Ligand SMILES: Cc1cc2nc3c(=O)[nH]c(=O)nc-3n(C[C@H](O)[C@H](O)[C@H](O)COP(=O)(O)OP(=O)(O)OC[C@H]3O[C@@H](n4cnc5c(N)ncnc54)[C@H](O)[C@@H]3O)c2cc1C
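Quick heads-up: it's one chain on its own, the form predicted on its own, in structure tokens.
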Amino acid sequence: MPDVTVVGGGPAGSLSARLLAASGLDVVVLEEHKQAGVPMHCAGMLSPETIRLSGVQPEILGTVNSADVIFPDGRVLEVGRRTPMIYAVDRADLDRKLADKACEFGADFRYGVKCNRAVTDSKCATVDTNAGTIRSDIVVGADGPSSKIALSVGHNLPLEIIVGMQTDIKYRMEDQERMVLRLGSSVAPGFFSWQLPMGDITRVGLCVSPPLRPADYLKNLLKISGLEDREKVQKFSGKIPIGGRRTSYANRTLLIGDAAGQIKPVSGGGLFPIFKAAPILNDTVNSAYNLGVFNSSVLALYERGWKKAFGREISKGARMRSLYTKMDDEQMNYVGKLFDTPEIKDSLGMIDFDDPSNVVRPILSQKGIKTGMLKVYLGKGR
């Protein structure tokens, strides 16, 4: 019987498995797909710090140090800096390298094994799969937004789900260091779209909230981007749980990544929270083994730990998203006009993509911004 069963072989499962195996534990990873990194659901936009925390070096497809933010009325805010904002990486390559490194430390990856359900009792955690039953001391749910492990805890749905879709186009953007972000109800209501330079390929995508269909908006986005007639290399989509879940732990159970709702509400990114949470998960599991106790009273250390590490950033991001989703196009245009100053564009250029709320204070310190944003908050500002 393994010590820990990790359900899900994506970045959350692979890094958790690597750390747990490096601690001397017997770890089994169950991945429903036949190989790591496929299918791909992420835009692949990572900060330099996120890449560092991953512990591997993925293939870099592009380096972005500036952005054109396009508002519904066509106003363009050009923001940037000399150092990289983000890197465009090959996400499939990242996932494979994370899985390979976990295997190097002794984790046992079992591909094509799908979790049907998980139950726990005083003796063990039991995972029923299409390949049989696996029992262990602890089960780690790293199985994404539709996590079977999260649902096994009960009443643990994510607060909000958004759906994204993107496509790779055979087209080389003129400026290989500048991405394009578009806002507005006709482009990506409730979120934003992206156009990302990746050499001879341009990645174009967006997110919307159900019941809206991202495919309908992607078609329009390609049209307004002038890319509708270009050759499409591949298309992929996925769900993003935003707002967190009721809990990320229970008896003999821990959740990480999308399964735990550990998502940055503003950008929808999940890798930075994963890479911050995995060491805390590892420490918690080792504490449980040192005590010989695997119930929720001990495993609660995990949730306290990750919330202390980055929960504040997620909470601040949730407030920013709440304000953003309440704005109509006219209010967005008003904000665009407010922000179209050299001082604020300089502040936006220094945004931390892992903690975008870091720009709030310097922006609000500018003359007239607090009054203007209060109008937006009150439903005015048109």
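In this text the structure is predicted, and so the values were computed from the model without any measurement. We number the residues from 1 along the sequence you see.
Just so it is clear, the following notes concern the form predicted in complex with the ligand, a form of the same protein that is not shown.
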Point to revise | Touches the ligand in the model of the complex: residue 230 (any heavy atom, 4.5 Å) | key: no
Check your understanding: Does at least one non-hydrogen atom of residue 194 fall within 4.5 angstroms of the ligand in the model of the complex?
Key -> yes
**Study point:** Any non-hydrogen atom of residue 4 within 4.5 angstroms of the ligand in the model of the complex
**Key:** no
Review point. Taking heavy atoms only, is residue 349 within 4.5 angstroms of the ligand in the model of the complex?
Key: no
Review point. Does the ligand come within 4.5 Å of a heavy atom in each of 30, 33 and 258 in the model of the complex?
Key: yes
Review point. If contact means any heavy atom within 4.5 Å, which of 62-70, 333-341, 44-52, 312-320 contacts the ligand in the model of the complex?
Key: 44-52
Review point. From the list 97, 148, 245, 178, which entry has a heavy atom within 4.5 Å of the ligand in the model of the complex?
Key: 148
Practice item. Output the sequence-ordered list of residues from 141-164 with at least one heavy atom within 4.5 Å of the ligand in the model of the complex. Key: 142, 143, 144, 145, 148, 164
